[in-house]
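First, one chain by itself in structure tokens, the form predicted on its own.
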């Protein structure tokens, strides 16, 4: 029997690339997406079965549970990939926006993981979290997103340690910039804060991040290949750092907070108008 993997947020980007790659390697992929046209397109790919899934919807989580049970194939792994990114100066962002960020990037992920956990426990399988370099390096003006990834890191580490006696591996993928449509969505947020105290630096940093993401971001297929590795080796690591170049991130991990703050301050000063 083919091993089954559930992928959330499989319509585009990392999720879509991973779904296609795993299906080509012989996995049976349950691909979660929200839009009808994406569900239809995914269903046309061999070894992929799409399922309508908004991870913030308890009703659709219940449908997911029933779908897996009805199919009767079990579940070896879940790749918690679905996520959103809300950016802007924290002092201009409402509580409701931060709640929306966490509803998807943490609470939705928890709903999915709880729903499918009995199957993964039975298979002694994998729970894979799509994290980010933002888990360990909080950048200015991306506070909601960075906060959610910090929370995801703590959630994942606790869950991994809770399952040490049960044969289930929990793995974080700490990705740097990846070239996906998330950067196009980010452009819509920039004008929202044009009257902010932080407008100068927030705008420039946002524009710079989008440009770098679109021009130098990692191809999503590289993440897909890493997911395949995590699914097929006997003892995957607790976390994997993946980026076009990981040197900067490895340096950040060993520098003091004070040194990192000095680096960030120097960058901010370049953008602040006098």
Ligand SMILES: NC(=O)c1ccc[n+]([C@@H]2O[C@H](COP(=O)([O-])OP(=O)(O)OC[C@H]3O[C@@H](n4cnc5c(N)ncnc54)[C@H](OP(=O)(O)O)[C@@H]3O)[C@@H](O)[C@H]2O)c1
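Computed from a predicted structure; not experimentally measured. Numbering follows the first chain given and starts at 1.
Omitted from view is the form predicted together with the named molecule, to which the following refers.
S.K.: Counting only heavy atoms and a 4.5 Å cut-off, does the named molecule in the model of the complex sit next to every one of 10, 131 and 178?
M.R.: Every residue of the candidate spot has a heavy atom within 4.5 Å of the named molecule in the model of the complex.
S.K.: So, in the model of the complex, is residue 63 in contact with the named molecule at a 4.5 angstroms heavy atom limit?
M.R.: No, residue 63 stays farther than 4.5 Å from the named molecule in the model of the complex.
S.K.: Counting only non-hydrogen atoms and a 4.5 angstroms cut-off, does residue 84 reach the named molecule in the model of the complex?
M.R.: Residue 84: contacts the named molecule in the model of the complex.
S.K.: Using a 4.5 Å heavy atom cut-off, state whether residue 248 contacts the named molecule in the model of the complex.
M.R.: No, residue 248 is distant from the partner.
S.K.: State yes or no: in the model of the complex, is some non-hydrogen atom of residue 239 no more than 4.5 angstroms from a non-hydrogen atom of the named molecule?
M.R.: Because no heavy atom of residue 239 falls inside 4.5 Å of the named molecule in the model of the complex, the answer is no.
S.K.: Looking at 75, 190, 170, 182, which has any heavy atom no more than 4.5 Å from the named molecule in the model of the complex?
M.R.: Spelling it out, the residue with a heavy atom inside the cut-off is 182.
S.K.: Within 4.5 Å, heavy atoms only, which of 47, 56, 232, 216 is in contact with the named molecule in the model of the complex?
M.R.: Exactly one residue meets the criterion: 56.
S.K.: Heavy atoms within 4.5 Å of the named molecule in the model of the complex: which stretch among 116-124, 193-201, 144-152, 88-96?
M.R.: Of the stretches listed, the one contacting the partner is 144-152.
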